[in-house]
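Just one chain is shown here, as structure tokens, and it is the form predicted on its own.
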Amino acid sequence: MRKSTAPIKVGVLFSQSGATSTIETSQLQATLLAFQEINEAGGIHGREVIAVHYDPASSPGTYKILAEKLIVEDGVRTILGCYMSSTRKAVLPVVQRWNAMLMYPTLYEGFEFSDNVIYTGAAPNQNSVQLAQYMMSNFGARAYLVGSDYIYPYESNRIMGDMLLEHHGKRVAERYVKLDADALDFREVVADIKRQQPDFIFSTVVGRATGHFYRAYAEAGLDPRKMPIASLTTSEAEVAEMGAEVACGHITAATYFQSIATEANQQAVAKYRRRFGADAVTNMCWEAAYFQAHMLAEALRSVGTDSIQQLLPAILGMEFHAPQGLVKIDGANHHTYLTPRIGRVDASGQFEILQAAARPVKPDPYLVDHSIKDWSSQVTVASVG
């Protein structure tokens, strides 16, 4: 039987317009870079991998429509995509109905499992637990929670609130802003923060609104050395958009920072900049999008088909040397072993890494154990203040 030489089509759903287009554009570029590298290395047994990409415009409803179009009309079996949890939730029933696969490269709130999804972003025990511990140990346990108005911030704030209570802390306030919030929407929030003087602010604001929030904080004369914004969602992409002078001193928990000083990461960053410009910055969601595309290619090479019945078993348990270090797909819960880190924005707009785990942490999407022992016992880098 003659082997097929036809290209292998992979669906790609990342937004180039709308509220979260900055971070999603970086995820799209990471995917395209990985596909370029895969094809330059010979593709999948000589077959080119091509991206069938649509712009869902940061809209959950559009994500759902386009996911069905990719599967039914374009004939793809795997979709790489989604940033917001609301968009993942919209795509989930589509891939389940058609028995396709979604690879999701974004940190999220956990408490989900699907046979049709591979989760390559951080679960709560790989960022929320570490951030709570660091902030309470170094600043105090009175937190002011601010988020965008959709599922991920609500669930992340619930988790943070639980951890504050477990450590005898306090949720000073919990506020939400619309997804496309502008500077005016944050004026009263920041005024209330200034009145209440929490030990730190926990931000799950996403998209362009992030810059408005940090700028309002700076204009109010608040000091990140005393009362920083701590975030799971503020990455190098948002910092570049708002400006380093606004973001400097604030803290993020992530499994990847561009500043990781390994040869593998530096090579990946250099390749990215050669293709997309010298000012391009990587981030945690960029990195997950990049390595998941390479893991998909490895699975395709091993089974020779994009049928999910054969592809999924090849991905489960797979290891890959990503820019952050070794990653592995957990065969039981479809999430990924990742290496937690804490970083603080410096004057150049990059993250100074304050703490890092010595080895990848097993994903626990249901937070069966809120304990921080698997983090604190493995810290290899630490500084205070």
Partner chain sequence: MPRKSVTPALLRDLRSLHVTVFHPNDEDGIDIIRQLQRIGCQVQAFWPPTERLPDETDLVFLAVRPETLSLSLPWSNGEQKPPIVAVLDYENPTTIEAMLKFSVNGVVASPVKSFGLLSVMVVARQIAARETEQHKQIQRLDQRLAGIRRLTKAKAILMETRGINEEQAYEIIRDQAMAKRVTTEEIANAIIHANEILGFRAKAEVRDLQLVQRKKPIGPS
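Being a predicted model, the structure only gives us computed values, none of them experimental. Numbering follows the first chain given and starts at 1.
Another form, the form predicted in complex with its partner chain, is not on view; read the next lines as being about it.
Annotation: in the predicted bound form, residues D182, R215 and R344 none come within 4.5 Å of its partner chain through any heavy atom. Heavy atoms within 4.5 Å of its partner chain in the predicted bound form are found in one stretch of 61-69, 48-56, 344-352, 331-339, which is 331-339. Of the listed positions (E298, D192, D162, E241), a single one reaches within 4.5 angstroms of its partner chain by any non-hydrogen atom in the predicted bound form, namely D162. Of the listed positions (K170, K271, K89, R175), a single one reaches within 4.5 angstroms of its partner chain by any non-hydrogen atom in the predicted bound form, namely K89.
F113 belongs to the set of residues with a heavy atom inside 4.5 Å of its partner chain in the predicted bound form.
Heavy atoms of R158 reach within 4.5 Å of its partner chain in the predicted bound form, making it an interface residue.
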